[in-house]
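Consider the single chain below, provided in structure tokens and representing the form predicted on its own.
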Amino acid sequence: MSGLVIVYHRQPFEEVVVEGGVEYREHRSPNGIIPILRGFFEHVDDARWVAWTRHHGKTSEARATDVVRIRGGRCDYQVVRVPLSTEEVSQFYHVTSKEALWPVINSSPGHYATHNTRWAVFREVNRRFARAACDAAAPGAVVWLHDYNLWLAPGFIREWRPDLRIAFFHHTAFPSPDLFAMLPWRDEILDSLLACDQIGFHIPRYARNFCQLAEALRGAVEVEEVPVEPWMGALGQALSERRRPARLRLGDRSIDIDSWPISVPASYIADVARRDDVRDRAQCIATELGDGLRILSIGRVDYVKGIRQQLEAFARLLERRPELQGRVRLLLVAAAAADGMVVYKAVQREIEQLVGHINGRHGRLDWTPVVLSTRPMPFEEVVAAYGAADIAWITPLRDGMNLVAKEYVAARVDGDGILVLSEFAGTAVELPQAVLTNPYSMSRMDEAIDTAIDMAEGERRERMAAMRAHVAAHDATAWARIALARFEGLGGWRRLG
């Protein structure tokens, strides 16, 4: 039993078949949520991770979890695996999470659908995650749950183990109360979240939305607020807030409300960017893309990533500024959705059709305006692409944070480069020096890309220096320190390491 139990649906390692056997290897890439969470095992002596593992067969309550021990570097920890059938994974993740919850979370009600949803399966999967967490937790331990897929788990944990401290972190946005109220399971979800001792969000706006939801649906709620930290306090943006909720009280329950944005391993990314092989690869990518202006967009196939709006803006750029014909190229990396994500298939077709239309209309034998890649890129390749790009164009319609923007900043060890960023990404609250834009507005998108293209070198470097200083000071290590300090503040728990 452990003093810290991290619960996230994905495993923190890769399963590799070697000579007929299975080896468990840590992910080679340091980017994304999993490596950041795995870093917590370097700060505590005794912690476990709860995740799912796919079980090919009929679901059975009697089927037990299994445990895998991972040793490597400074980490030595156990992974408790909850076996889920293919049908359970489909209902829990591909259908309920992505077709019903994801559109509401990202303020996209036009994509909201519940006709395929079996809520009882989603609830049962959450119950099994909660049971595994309870079994892994020592008396008075902190159970730290991650992301909306596990919204129902805190309620079960509170019922079974009232001695535990329950923390929850949202890696997504959190919608306004009127949008959240669309969910027919809104009361069950809210009651479960109100069983937590601490709830974390990336930025103050999401925390405020949650507290307003509690006020709307539960009434007698008291919310204590404090000023927003100066580095998140820039006004005039879509997600700007001057004050943030710090504590929510409902009856005899008091819940700490936090706004602490996740970040990236900035120094590691910079070290990778300085490696000779990565610098050489960056030069190769630049050569392959040709002389002139190189624009990079990295994301995944998802309607909330705003790729259609971005491609339409690029097409308008080529029409509006004919002098850029043959002199600008967009490298669009849009990783295809995993098998089972039926909801994204139409989005991928739309992206491919738009790219084909732009290249067919504007391309020449010696120049292809848009280069599209739908395969996931190795991390070193991504860092090399950051170094080769004059402009990073990151304009989602909605994004809880967006670590790609921070990675680009951390990778620009040359001090140059321009970040064009949607003001509806949580990252915009931290990086006001980016060229911020409204992806819902054609004129604002056009203005932003024009500003980036025409920006003088001195201004580019001044903006980049400010962003690099912020990302370095508020990196993944700083985020981990804040999280552990918050846990110690919950009372009854102390860091073991």
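Model, not experiment: these values are computed from the prediction. Note that residue numbering follows the sequence shown and begins at 1.
Same protein, other form: the form predicted together with a small molecule, not shown, and the subject of what follows.
- When the small molecule is considered in the predicted bound form, only one residue from V125, M401, A392, I157 comes within 4.5 Å through any heavy atom, namely M401.
- Taking V370, I262, L194, V79 one by one, only a single residue has any non-hydrogen atom within 4.5 Å of the small molecule in the predicted bound form, and it is I262.
- Listed stretches are 300-308, 226-234, 82-90, 284-292; the contact stretch with the small molecule in the predicted bound form is 300-308, by a heavy atom cutoff of 4.5 Å.
- Every residue of the trio V333, P378 and Y386 has some heavy atom no more than 4.5 Å from the small molecule in the predicted bound form.
- In the predicted bound form, none of the heavy atoms of V272 sits within 4.5 Å of a heavy atom of the small molecule.
- Contact check for W151: no non-hydrogen atom falls within 4.5 Å of the small molecule in the predicted bound form.
- The small molecule in the predicted bound form is approached by I33, whose closest heavy atom lies within 4.5 angstroms of it.
- In the predicted bound form, none of the heavy atoms of R165 sits within 4.5 Å of a heavy atom of the small molecule.
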